[in-house]
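In structure tokens, the next block holds one chain alone, the form predicted alone.
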């Protein structure tokens, strides 16, 4: 079974006699609580049939003057494609968590502004394993053991003994504590200063982190295959990601370094790819304006009171974005499609219960490195995200 607990999409998880094997604590937590707090079909907090809930959702979205669609990072590519069609049909805004997560990194990769590769190639070939602003210990617990630092590969027969670990963070995280032998931990006060130090070193000059940067560049040059994984620490630590991407390109003039986002929701990259293929943008898109803009991010639309209805799928903004912003959801007509009775579902105008992608429904998801995976669920439930979105689309 493919585990959809995070964007690693581990494909060796098994269910035997009701027990889940090979999963990390994130995957185990999802499976062990599948039956808890399940959503019910509701309209105005009154229990109805699924068909009646969908009919009301169609009415709300169809009558809205400025509708938005948001979420979709935990559903399948097939469902995401229908969501984009609904947004186009409604001339609506559409966005996902990548607008404040690692979307810009995925976008740079999709536009081929920076080189990237697959996790299997990292496992088999990579010498330097570089984590910048990422702590896979908590965000993707099997990342290092299955794909990067620990496993033996075709050219790394000794596993971690045949690799060099680099960790950049503002604190000594669990991942940073592993940087002992054949490794370096760079504790930064400013990510921008480290970017500047790399750029200066590549010009033969010395910056604030000259010694550490010199060590890293020396190790990078020892191999023709190295990989850097970046997380939210980088996203919010660097003022200008374009400058960081330029640093990656400069490093590649002297040593081969591939960039991969480290971890996020199970199919965030799938949403980015689906929207990119349709519009040339990965998020924050307005079909009315026919363009992407930071002003079209879901959080920005809420701030400015620019939407009157929203379809939320596989996301719980009341618990994930600042309350001063998310509380505005209570003022608009909200349709929630979710397996769980989330905090947002409890205040929604309409709730449509769905299945857990991967555990209860099949489809395709895209791993953090861009590799597509076909889901093999424990059971196949008819009322899933794809079925629901198709019904909504047909009704519109």
Partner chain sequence: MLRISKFLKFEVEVLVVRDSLNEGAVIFFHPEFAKKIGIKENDLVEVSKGDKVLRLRAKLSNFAPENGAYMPNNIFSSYFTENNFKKFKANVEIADGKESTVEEILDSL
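Numbering follows the first chain given and starts at 1. Treat the numbers as computed from the prediction; the structure is a model and nothing was measured.
The form predicted in complex with the partner chain exists for this protein as well; it is not shown, and the discussion that follows is about that form.
This chain appears without its partner; in the predicted complex, the one residue of 106, 83, 275, 263 with a heavy atom within 4.5 Å of the partner chain is 263.
A heavy atom within 4.5 Å of the partner chain in the predicted complex is found for exactly one of 117, 223, 139, 125: 139. The stretch in contact with the partner chain in the predicted complex, judged by heavy atoms within 4.5 Å, is 327-335, chosen from 36-44, 355-363, 327-335, 57-65. Interface residue remark: residue 145 is not counted as part of the site for the partner chain in the predicted complex, having no heavy atom within 4.5 Å. Residue 170 belongs to the set of residues with a heavy atom inside 4.5 Å of the partner chain in the predicted complex. Among residues of the shown chain, residue 299 is one whose heavy atoms approach the partner chain to within 4.5 Å in the predicted complex. Shown alone here, residue 252 lies farther than 4.5 Å from the partner chain in the predicted complex, counting heavy atoms only. Scanning 172-196 for heavy atoms within 4.5 Å of the partner chain in the predicted complex gives 172, 173, 174, 177, 187 in sequence order.
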